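Starting off, we have a lone chain in the form predicted on its own, written out as structure tokens.
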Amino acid sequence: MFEFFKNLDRRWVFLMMGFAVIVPILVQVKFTETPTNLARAVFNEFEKLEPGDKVLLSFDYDPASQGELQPMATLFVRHACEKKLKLYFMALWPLGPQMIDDTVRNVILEEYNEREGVTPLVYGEDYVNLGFKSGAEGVIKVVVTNMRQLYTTDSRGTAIDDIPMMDGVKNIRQMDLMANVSAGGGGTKEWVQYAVTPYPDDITLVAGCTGVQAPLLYPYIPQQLPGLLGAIKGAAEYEALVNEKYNPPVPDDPKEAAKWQTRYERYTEGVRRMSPQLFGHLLIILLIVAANVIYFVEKKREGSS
């Protein structure tokens, strides 16, 4: 048995990792999330706002990071909708507008606007997509003083002056909250450095980022960055908070329960994606432990021979 594990073909390792990821997805294993203070801080910043307050959402990521970041983006928009906030979308990444359109369609058009008893959100009055502008920190330096200097139209080509919710909006310092979803350079770090730091009394920023980026942002907590969602774990914690408050009870009727599941399962992607990650990490830890055991056993044998 020792020799078998010592000479284990790496293809078996790949196969085990495949099973560790696929099985929890097929079985739909989910675990209860206990939100950390950072996730609660993000949640609380949204909860402080009143209906009609302005929120700037900058989607600075692309499909390559969608697995980690899309659940955060979805919940930011869902939370803003539940609070009846005005949503101003923009992007510092070229494919950011695509991420915005997908999220708006999934959350606003296909879910929120289809609910009974709610007033549907109207483009130009309740939410607007300002689109992508190149320049990263250069864009930030402009929008904190005069965004109309850079944004003359929205992503659809409509003149800014013809969009009702842009009336009176000159710069992002007029926003009541800013939420950023970031995959790297041209994202949260730049927003902190070029927007929050020069105007700490005017701009409040919360963010969600990839796992590798999170440690670089910890030094900004809590002064410049009161709340941060790190990778899929942070998204799952934030989901737990939002869903606990805003998801209605599951209906007793099986047909209505099925409709409920279809409608609200889109807000559990973070929790769902945590399971394969958990089992994958456990497998890696077991393999590391096994490799060390094999190493020390072999060293002991060599010493006794």
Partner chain sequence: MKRTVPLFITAAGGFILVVAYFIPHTQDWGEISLIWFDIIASFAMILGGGNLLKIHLSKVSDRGKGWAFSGVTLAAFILMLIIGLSKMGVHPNDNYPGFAWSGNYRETGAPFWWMYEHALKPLTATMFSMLAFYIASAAFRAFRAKNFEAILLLGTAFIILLGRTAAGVVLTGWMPERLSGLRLENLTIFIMTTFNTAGNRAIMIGIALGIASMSLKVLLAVDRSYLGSGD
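Residue numbers count along the first chain shown, from 1. Superpose the two forms; the largest set of C-alphas matching within 1.5 Å is the rigid core. Keep in mind that what you see is a predicted model, and the values were worked out from it rather than measured.
Below, we turn to the form predicted together with its partner chain, even though it does not appear here.
Student: Heavy atoms within 4.5 Å of its partner chain in the predicted bound form: which stretch in 241-249, 257-265, 57-65, 43-51 meets that?
Tutor: Selected stretch: 57-65.
Student: Is the gap between residue 233 and its partner chain in the predicted bound form 4.5 Å or less for some heavy atom pair?
Tutor: Answer yes; at least one heavy atom of residue 233 falls within 4.5 Å of its partner chain in the predicted bound form.
Student: So in the predicted bound form, does residue 122 come within 4.5 Å of its partner chain, heavy atom to heavy atom?
Tutor: Taking the distances in the predicted bound form, the answer for residue 122 is no, it never comes within 4.5 Å of its partner chain.
Student: Evaluate residue 118 for contact with its partner chain in the predicted bound form, applying a 4.5 angstroms cut-off between non-hydrogen atoms, and reply yes or no.
Tutor: Although its partner chain is absent here, residue 118 would stay clear of it in the predicted bound form, with no heavy atoms inside 4.5 Å.
Student: Taking the shortest heavy atom distance, is residue 101 within 4.5 Å of its partner chain in the predicted bound form?
Tutor: Residue 101: yes, in contact with its partner chain in the predicted bound form.
Student: Going by its partner chain in the predicted bound form, which residues of 201-224 come within 4.5 Å of it through any heavy atom?
Tutor: Those in contact are 215, 216, 218, 219.
Student: Would the C-alpha of residue 282 be classed as shifted by 2 Å or more between this form and the one not shown after rigid-core alignment?
Tutor: The answer is no; the displacement is under 2 Å.
Student: Is the C-alpha displacement of residue 25 equal to or greater than 2 Å between this form and the one not shown once the rigid core has been superposed?
Tutor: No: residue 25 shifts by under 2 Å between this form and the one not shown.
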